[in-house]
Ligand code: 5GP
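Only one chain is shown below, in structure tokens, and it's the form predicted on its own.
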């Protein structure tokens, strides 16, 4: 694989892995060791596919033992004593008939509709761009139905902001860092003379770069909460909307258009009292259900959890499940017999209000929530269900693309 010799390492997990945790643990193993190319996980067995330089004899017994020990730490942390969260289903339309059954990626490649620049990094062509514009129009209409105020936020986010909301502890594995060359003539000159790329990436003098003070933003709504921090909430409530590029690194889990390192998210954000946030979250769900019904999208809305880091996983998942803080819109992928999260309805309780000192008129912390839609994902899921023949598409999608033909 990738001009390296592949090696397989197989062993039993330290404790049996519950079926409902198989996928979660498999995804976390991508972060365990740089040699892990992929992993297969079942309740009773783990198989790792490793890369190594191809030296005689392969990996040493010590190195194999080190990798296995790290994997077992993940298994024990996530599976030992785990209690299956109760899944609450708010809508279930997964069995709606759809006309397409094939994986759309092959056709997208054949049509030059996607160009992969790196793992998890794609350029998108006219068809996908138009579909994204169509769906964003639906989400903007949702925002308009609430009278949401439009915002634009930067791609960069200060490290000190993320520290205030505990992001480094909850999601360290997904962070993407930003730096620049130090303001030093010798360092800049050294870099210009020595910097080069090889198969491992950019090679440069290690002291070239400045201290990291910013990251690539992992979410849109965070920027609004930081803008409102440390002061009373104007009028006691805010409804806002914004679209932005988000960055979440997922290692070998970055697959096709299902999981991108950078992706576009449209959000409608609610800040105010608990009742205000929860009521509007539910109204948003009901309004979007009408849109999805009109389109004939096959999907389900069910309770879900964020992809917390290993050390935080069990505690945070139990908390989110107990208070029904997150519901995902999961569109069916007929070719895979699985589903893909294309959006979510989220309630953060008073977490951001407390940590960022955003207060209501009575001095209590605000509650927050948002509805968020992944634009590349929903365009991909649409093609997975309806294919590439416009005669099979919902009328309004076909008409939109016809009217907006380049």
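Note that the structure is predicted; figures quoted are calculated from it, not measured. Numbering follows the first chain given and starts at 1.
What comes next is about the form predicted in complex with ligand 5GP, which does not appear here.
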Check: Does ligand 5GP get within 4.5 angstroms of any non-hydrogen atom of residue 143 in the predicted bound form?
Finding: no
Check: Is residue 372 a contact residue for ligand 5GP in the predicted bound form, using a 4.5 Å heavy atom cut-off?
Finding: yes
Check: Can residue 343 be called a contact residue for ligand 5GP in the predicted bound form at 4.5 Å between heavy atoms?
Finding: yes
Next item on the list: May I ask you to state whether residue 191 is within 4.5 Å of ligand 5GP in the predicted bound form, using heavy atom distances?
Entry: no
Margin query: So if I measure heavy atom distances to ligand 5GP in the predicted bound form, which of the stretches 373 to 381, 44 to 52, 353 to 361, 60 to 68 falls within 4.5 Å?
Written below: 373 to 381
Next item on the list: Could you spot which one of 163, 306, 107, 279 gets a heavy atom to within 4.5 Å of ligand 5GP in the predicted bound form?
Entry: 306
Checklist line | in the predicted bound form, the one of 214, 285, 326, 300 near ligand 5GP [non-hydrogen atom within 4.5 angstroms] | finding: 326
Check: So which residues in 235 to 268, when you check ligand 5GP in the predicted bound form, have a heavy atom no farther than 4.5 Å from it?
Finding: 248, 250, 257, 258, 259, 260, 263, 265
